[in-house]
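Shown below, as structure tokens, is a lone chain in the form predicted on its own; questions about how it binds or moves come after it.
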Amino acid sequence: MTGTAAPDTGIPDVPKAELHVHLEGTARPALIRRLAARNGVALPAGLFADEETFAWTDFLDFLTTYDLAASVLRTAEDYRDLVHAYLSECAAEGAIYVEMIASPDHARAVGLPEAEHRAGLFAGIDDARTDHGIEGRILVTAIRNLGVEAAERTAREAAALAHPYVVGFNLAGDEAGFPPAPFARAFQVAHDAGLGCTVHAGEHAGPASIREALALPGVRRLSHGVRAVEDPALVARLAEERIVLEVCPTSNVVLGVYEDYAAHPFTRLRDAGVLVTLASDDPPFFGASIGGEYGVARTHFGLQDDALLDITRTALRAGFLDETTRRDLLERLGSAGSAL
């Protein structure tokens, strides 16, 4: 451990942890093409802008493209390869822990039984740990666009099919079009089952969406949450209640939530005492990675290695993992910090 940037990459050489990445959104175009060929599936028209880039214009169009890419994933082996590929990329950038947001609805849409879907996810986690020493866990997500009943079904299924790798419940999709409050029963089911709860809010809708999200049972983290900065009283509440934000700066800039990194409120929120972490959201869509987000935090937000280690420590403490694994990862982090 040197405490300097990795050579020629701009990626800080500190251990990293990620709490917010959409699993289906980690698949790079090359992997989508390979899986489509393996499954004998025609690539959806309009999926790619070029060999290396997905085609989309705005947030809602991005959601459509995301669904098209995910439709190529058809088998447990596909999901194993997807998880292993992403965790391998993260490990290469110094990540030691990643929570991946996985959608049973996307698997269901192509006829993949949930037992097979999960088997692929778990195999990818196991193989990545064996190959790279990285830990991965799964957050089950409901897609708010599909409605309240679908979300409650997803929550019941997650609660019934307990597994130590499935540690949390999330709500994703069109935040502005589908506010959080109607999904309270789904969160109650997940919370009662012992799953950690987080919800997309404060990204494409403002502070009101955050307040609604915080009223949901069990919610102690927010996916994004950055638009809390528009309401000083809400910022103070987040700090006081130690609500953790899963912040994705590059995603926020690329999607136009903020004009550039200089306008991003990461520093203002952190300086106000809000607990913040770093994450990549949908890496190939936004040109992001977990290592790259740590680089953004150093280059644009002025965080040096000790502060970046604090970001990782916050993520490990806020992660929905078991206490034994948390302790082991924090010990690894402590060893890294002592070498800085």
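The first residue of the sequence shown is number 1, and the count goes up from there. In this text, all values refer to a predicted model and were calculated from it rather than measured experimentally.
Note that the form predicted in complex with a small molecule isn't included here; everything after this is about it.
Student: Given that the partner is absent here, does His200 sit within 4.5 Å of the small molecule in the predicted bound form, heavy atoms only?
Tutor: Close contact exists here: in the predicted bound form, His200 approaches the small molecule to within 4.5 Å, heavy atoms only.
Student: So, Gly173 and the small molecule: in the predicted bound form, are they within 4.5 Å at any heavy atom pair?
Tutor: Yes, Gly173 lies within 4.5 Å of the small molecule in the predicted bound form.
Student: Looking in the predicted bound form, any heavy atom of Leu63 within 4.5 Å of the small molecule?
Tutor: The answer is yes: Leu63 has a heavy atom within 4.5 Å of the small molecule.
Student: Does Asp282 make contact with the small molecule in the predicted bound form, using a 4.5 Å heavy atom cut-off?
Tutor: Result yes; Asp282 sits at the interface with the small molecule in the predicted bound form.
Student: Among 308-316, 54-62, 271-279, 288-296, mark the stretch whose residues have heavy atoms within 4.5 Å of the small molecule in the predicted bound form.
Tutor: Heavy-atom contact with the partner occurs in 54-62.
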